[in-house]
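Below you will find one chain, with nothing else, as structure tokens; this is the form predicted alone, and questions on how it binds or moves follow later.
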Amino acid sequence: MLNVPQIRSDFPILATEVYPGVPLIYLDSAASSQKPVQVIEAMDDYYRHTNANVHRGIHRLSEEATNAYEAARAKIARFINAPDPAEVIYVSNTTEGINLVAYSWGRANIQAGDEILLTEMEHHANLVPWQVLAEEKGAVIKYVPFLADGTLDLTAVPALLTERTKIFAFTAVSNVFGTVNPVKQLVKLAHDAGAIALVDAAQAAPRMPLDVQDWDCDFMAFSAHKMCGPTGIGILYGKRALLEAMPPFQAGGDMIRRVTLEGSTWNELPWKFEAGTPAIAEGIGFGAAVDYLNGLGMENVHAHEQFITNYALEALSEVGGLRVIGPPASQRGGVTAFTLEGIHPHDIAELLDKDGIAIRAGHHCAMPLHHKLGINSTARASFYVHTTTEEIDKLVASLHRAKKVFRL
């Protein structure tokens, strides 16, 4: 298990008082995680001592910046067990990674009448790009339904995968239910049907080991900012053969091999998909975040989240009128969305904020999921490596106070 008191000392923001005498209790890591001092210092060190553009200079600073930036890519490749760092493409976030696949691979391979398979629990980032593509190409989108407990109806998948299915894109961990989906099984079903598989790992990468070779997924996208890293950078992993066959997503500097007035040829992987000056400091910070999580051990991170989630679900069950959305702790990550009878989720979040407790309220970029449940929004508490049982107790106490405010 993790040494949580030591870990908490690594996160400067956790010493913040939201209001005078009211310490911060941060339960919104599913939206964006806090950053340990190791990541902050790595980025600060770059700006203080190595600030230069990468790939384009032969002076010492440029070479040092390039080495640090590319070393981070290699760390990330090892983190997900990618066969080759060249298969790890820097993008701005998970959303851009999925859009890259939809625009580049999708527009080259999806035709009228082809089918795209998604699930009903997808984040908008893994839904809207495919809707745009399907409308443009005349393709058909199908959806794997979820069951009342927030798990996928796996029995429905084989029938939904047909000879016309080109891609099955799905989340590894739901950002609302917290459901941990059987990625390896779903990828195999896609491949057996002749389709490729894309995994949205935005909520999985921060909280459990990833292994793209074991999963055998064709694409996988995730963001640094949910896993102790900076905003503005993420990763698209893709199998080399697919990436090499895909046209560039954006054009400009660094993604070219040669340019003439008559035409251009493209750079090799991974730079073919990385036009323009990249997020250099963020890439270095991403590498530092991977170092930090590796130091904790992803199995330990996952075990701590399961422990905290189980504790939270038991504690929340004591709040009358509260309904937790999704499966039991054994089937979910550290994400707990809920409703509280008689109080709108936005009011819950505002009242909890007065006690220094930061949670999320709304549809969490998953409007179709909420529509199927017959609710407009939920409150969501999400946990991470620094979350303690004492913070969960304060969450429950604050919810009881919220009920008193509303005289419930």
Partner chain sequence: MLDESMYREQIIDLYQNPLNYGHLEDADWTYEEDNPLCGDVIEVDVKLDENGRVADIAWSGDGCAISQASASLLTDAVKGLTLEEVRNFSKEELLEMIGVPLSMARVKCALLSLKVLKAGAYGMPDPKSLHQHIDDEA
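As the structure is a computational prediction, the values presented were derived from the model and not from experiment. Numbering follows the first chain given and starts at 1.
There is another form of the same protein, the form predicted together with the partner chain; it is not shown, and what comes next is about it.
Peer 1: Is there a heavy atom of Arg78 no more than 4.5 Å from a heavy atom of the partner chain in the model of the complex?
Peer 2: Heavy-atom contact with the partner chain at 4.5 Å: absent for Arg78.
Peer 1: Taking the partner chain as it sits in the model of the complex, is Thr339 near enough to touch it, meaning that at least one heavy atom pair lies within 4.5 angstroms?
Peer 2: Because no heavy atom of Thr339 falls inside 4.5 Å of the partner chain in the model of the complex, the answer is no.
Peer 1: Using a 4.5 angstroms cut-off on non-hydrogen atoms, would Val405 count as touching the partner chain in the model of the complex?
Peer 2: It does: once the partner chain is placed as it appears in the model of the complex, Val405 has a heavy atom within 4.5 Å of it.
Peer 1: So, in the model of the complex, is Leu373 in contact with the partner chain at a 4.5 angstroms heavy atom limit?
Peer 2: Leu373: no contact with the partner chain in the model of the complex.
Peer 1: Please determine, with the chain shown alone, which of 207 to 215, 237 to 245, 178 to 186, 253 to 261 has non-hydrogen atoms within 4.5 Å of the partner chain in the model of the complex.
Peer 2: Stretch with heavy atoms near the partner: 253 to 261.
Peer 1: Whether Ala112, Glu390 and Lys394 jointly form a contact site for the partner chain in the model of the complex is the question; each needs a heavy atom within 4.5 Å.
Peer 2: No: none of Ala112, Glu390 and Lys394 comes within 4.5 Å of the partner chain in the model of the complex.
Peer 1: Going by heavy atoms, what in 340 to 359 lies within 4.5 angstroms of the partner chain in the model of the complex?
Peer 2: Gly342, Ile343, His344, His346, Asp347, Glu350, Leu351, Lys354, Asp355, in sequence order.
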